[in-house]
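Just one chain follows, in the form predicted alone, and it is written as structure tokens.
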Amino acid sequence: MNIQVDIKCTPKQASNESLYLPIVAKQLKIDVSEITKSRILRKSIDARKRDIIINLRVDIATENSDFEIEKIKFEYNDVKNSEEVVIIGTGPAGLFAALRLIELGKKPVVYERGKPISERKIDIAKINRESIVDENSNYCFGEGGAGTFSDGKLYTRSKKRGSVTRILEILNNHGADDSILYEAHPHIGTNKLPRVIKSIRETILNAGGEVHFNSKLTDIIIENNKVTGVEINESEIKKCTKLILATGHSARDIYEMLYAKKVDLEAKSFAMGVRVEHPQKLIDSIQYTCDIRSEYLPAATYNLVQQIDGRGVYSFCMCPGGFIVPAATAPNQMVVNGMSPAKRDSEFANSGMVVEVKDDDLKEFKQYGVLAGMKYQEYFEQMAYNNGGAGMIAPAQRLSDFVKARISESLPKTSYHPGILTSPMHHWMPENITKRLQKGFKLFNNKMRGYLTNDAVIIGVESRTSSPVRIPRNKDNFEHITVKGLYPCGEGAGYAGGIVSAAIDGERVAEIIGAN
């Protein structure tokens, strides 16, 4: 039988088994030599006081016990000649739906509008260097979806919807570090996630599934309120009776197509704002109460939220030791997002800082019905593009200048590769967002002294926090409420937020289909 022990130790002690096992042994009142094997089950940081504590849960074996590592086993048998299920999109929802279908004896046939990772990297480089946006291959579209070139954050609150551990185990089996199995806020890193995604693709193909790139969904064929097939690239017709729609929150053409076909859609809540970037050293000093961060501590993160004038104002997708990247999916858009490598070793820390959008903000877009929020997003992105520079050069303003409503005469160094241009963002951004952000930054400075500084810069705009549209489905069988055989799934359907929750949603849909 294994013995689980919870201990508190210093960051240095937590970094090395030879340093934390004596603490375990002392707590158990045994000699450290009696411990034959060990592994970390849980690790978290408590930085509330100057002396930072690392909380560890350690699983050990002694001479009188057996050490068992309970790993989930996954059986991906040959499904080449099995019943087919069509999946649109290779984001986490689509990929994990495909893996689960294989386990259940179904053959996934996956269509992805973008390119495989190796080719997608070339198109992303063109965005950064030449401001050329391929509408089907960019930071949002392509193998792995929007998450492939992100931080690979794996933290989720969606634990009641499915097994988080199972998702982490699958990612680990496909190449993600063991640390994701025990870190309190696990992440893979933008430099490692592409290899994991490619490995998942290989698992699907080796089991007899299909993955087709450069294959854009251009129509869903519906007869008598039932799915009978899909149209790919306006030419190929693929017959199917079960369709998992996992296209992601930036596939606006899919919402337009469904709306035109009078397929039921719903408006849902979303938020928009800016990316704020600080020197990582500043965030470290605030969060760890230190001048120089210990080599045994990770780059510090933060989570800020405040109710201001009846709206939520909060940090989103915080990227310690990260970079800000251009996330537009079409020309004449200005959209930014954040990402971090596995080591989180950039000199910058960035986070989305967004404001909840409500119906009152959408009055000028009511003619678009349930797509009003999406049109408001587009308007916001176009406004940012018009107030930026040429191509992907983004509008920016020093943080204190923005709060004081004054133009920045100069801008600090930034991680945003295409470049930034000083812009009066307090003037041209929608007032409902500007005023609340200005108040929010002041209040956040009360929580993190030194946060409100002109050493920080805001860059516009952060508009793709989530989909403003939901594709409604039945609670019992996850089918669309009126179209039989259509299974909306993941972030694009409005039922997830982040890699893990989207993956869980993909699995749940696959299980419903696999049971029929």
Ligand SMILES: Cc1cc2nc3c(=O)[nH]c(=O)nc-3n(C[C@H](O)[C@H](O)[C@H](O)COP(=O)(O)OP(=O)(O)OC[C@H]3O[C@@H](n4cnc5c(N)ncnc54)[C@H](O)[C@@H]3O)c2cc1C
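Computed from a prediction, not measured in an experiment: that's the story for all the values here. Just count from 1 along the sequence shown to find any residue number.
Just so it is clear, the following notes concern the form predicted in complex with the ligand, a form of the same protein that is not shown.
This chain is drawn without the ligand; in the predicted bound form, the residue among K153, K238, R201, K106 with a heavy atom within 4.5 Å of it is K153. Interface residue among G352, G321, P395, G248 relative to the ligand in the predicted bound form, by the heavy atom within 4.5 Å criterion: G248. Residue heavy atoms within 4.5 Å of the ligand in the predicted bound form occur in exactly one stretch of 91 to 99, 171 to 179, 368 to 376, 409 to 417, and that stretch is 91 to 99. Relative to the ligand in the predicted bound form, residues G142, G490 and A502 are all within 4.5 Å by at least one heavy atom.
In the predicted bound form, the ligand sits within 4.5 Å of a heavy atom belonging to S215. Put simply, G273 is far from the ligand in the predicted bound form: not one heavy atom of it is within 4.5 Å. Mapping the unseen interface onto this chain, G147 counts among the residues with a heavy atom inside 4.5 Å of the ligand in the predicted bound form. The closest heavy atom approach of Y111 to the ligand in the predicted bound form falls within 4.5 Å. Shown without its partner, the chain has V325, N337, G338 in segment 320 to 343 as residues with a non-hydrogen atom within 4.5 angstroms of the ligand in the predicted bound form.
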